[in-house]
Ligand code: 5GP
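Next up is one chain by itself, shown in structure tokens, the form predicted on its own.
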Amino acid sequence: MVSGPSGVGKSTVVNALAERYPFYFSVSATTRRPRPGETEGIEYYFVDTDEFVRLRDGGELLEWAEYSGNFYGTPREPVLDRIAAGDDVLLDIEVMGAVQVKASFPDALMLFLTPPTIEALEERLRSRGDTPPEDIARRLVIARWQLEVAEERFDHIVVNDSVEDAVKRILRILKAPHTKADR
């Protein structure tokens, strides 16, 4: 599992990792609106709140969380099918969702992607141009809390100071997943 604050570059790092390491990427369901360039079934399954609640209450989600006023969750069946087939599965999920998955799958590897500094994260959020200033302030508060949780709960913390360096660190971790050498 890969988690980290909004704007840290999770998607960019995961996409770069996919070029160098074979895994099945688990597509999450969300109630948030698509961003420009996002495609249904590729980045997310975009659903309304009623559909999300139906999936959640029907036990069809491996984990779920609310973040920034939207719901996010991992469809259960595709992940379990891929695990049963012997595939590595990568989940790009919110911190509390990752904690839920770890409770169900204790051997799951939890990676937290962090910015070099909170100031760098703020700059990344501002440069995206799709986030109002009040949302940026709220996301920075959440990011500080996520960093605290990550220190306690995640197996590895990887600084995304550059995409290439972050991918190299993750590849090292994947080759020796039971060490905390990259912290």
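Given the structure is predicted, the values throughout are model-derived calculations rather than measurements. One rule holds for the numbers: they count along the sequence shown, beginning at 1.
What comes next is about the form predicted together with the named molecule, which does not appear here.
- Although the partner is absent from this view, Leu111 stays clear of the named molecule in the model of the complex, with no non-hydrogen atom inside 4.5 angstroms.
- For the chain shown alone, Ala65 is a contact residue for the named molecule in the model of the complex, at least one non-hydrogen atom being within 4.5 angstroms.
- In the model of the complex, the named molecule lies within 4.5 Å of some heavy atom of Lys10.
- The named molecule in the model of the complex comes within 4.5 Å of no heavy atom belonging to His156.
- Taken together, the three residues Arg32, Gly73 and Asp92 all come within 4.5 Å of the named molecule in the model of the complex, as judged by their closest heavy atom.
- Of all the residues from 1-31, those having a non-hydrogen atom no more than 4.5 Å from the named molecule in the model of the complex are Gly4, Ser6, Lys10, Ser28.
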